[in-house]
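Below you'll find only one chain, the form predicted on its own, shown as structure tokens.
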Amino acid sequence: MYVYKCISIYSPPSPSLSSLSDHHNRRLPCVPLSESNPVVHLRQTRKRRGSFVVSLSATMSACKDQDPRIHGIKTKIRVVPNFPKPGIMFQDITTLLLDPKAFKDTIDLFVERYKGKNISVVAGIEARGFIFGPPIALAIGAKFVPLRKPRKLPGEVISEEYILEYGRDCLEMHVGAVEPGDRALVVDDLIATGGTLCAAMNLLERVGAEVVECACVIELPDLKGRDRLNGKPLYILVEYH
């Protein structure tokens, strides 16, 4: 369970702070409030003039100002325009995989976050969730469960259809792979509209698992995929606007 702290900071009225009231969730520089380094947002309170509250959002990211590995990871991800359809700016992680250090740093950041958190299942979303999920699962001592596209898994499956940014799709999972009471981490390379992660969470929760968190290498915040997660914590490494 994640505990969200609230810290009241009194500051006298100042011209340099007055513009903050126009932006309800404007970000502050990263501060080490916890081991997970969640993103910090600033909002003005109505009770006292000049008083601001720092609150932890349900969406978390590695702190770019504090971990030099983040910059190295971001520089290894290339953007491919008009793929797989015109107008789509595709975030290609295959170039990240070509750099052993950047690839290892990516896995290490996730492992550092989830080791010792009693995660029993890492559910990886096809296809690139299969790249990041298994090494995370091995390192934290969890089983890996693939969430696959239709008609890819033999045997009995359950399925969940979803809408993504360039069409419709479906995820399937083996019946019996996840048991009631399992604590699950959902892993994918990217969150855009959030449809894929929602489908994955639905599959896991339908069989009685507790989805502890979702983890992605990349977030496209302009597409507001986090808003579809119904408050479920999301951990990301880099953002692209």
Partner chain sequence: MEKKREMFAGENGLQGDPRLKAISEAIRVVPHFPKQGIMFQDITTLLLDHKAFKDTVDIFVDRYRDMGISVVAGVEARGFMFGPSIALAIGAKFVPLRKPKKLPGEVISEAYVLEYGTDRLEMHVGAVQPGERALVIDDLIATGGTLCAAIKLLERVGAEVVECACVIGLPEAKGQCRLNGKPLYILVEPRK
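Numbering follows the first chain given and starts at 1. Everything numeric in this text was worked out from a predicted model, so none of it was measured.
The next section is about a form of this same protein that is not shown, the form predicted in complex with the partner chain.
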property: Every residue of Glu213, Pro221 and Lys232 near the partner chain in the model of the complex, heavy atom within 4.5 Å; result: no
property: Segment that reaches the partner chain in the model of the complex - one of 66-74, 191-199, 204-212, 170-178, heavy atoms within 4.5 Å; result: 170-178
property: Exercise: Lys117 in contact with the partner chain in the model of the complex, heavy atom 4.5 Å; result: no
property: Partner contact for Ile88 in the model of the complex: the partner chain, 4.5 angstroms, heavy atom; result: no
property: The partner chain contact at Ile131 in the model of the complex, heavy atom, 4.5 Å; result: yes
property: 4.5 Å heavy atom contact, Leu97 to the partner chain in the model of the complex; result: yes
property: Sequence-ordered residues of 223-241 touching the partner chain in the model of the complex, heavy atom within 4.5 Å; result: none
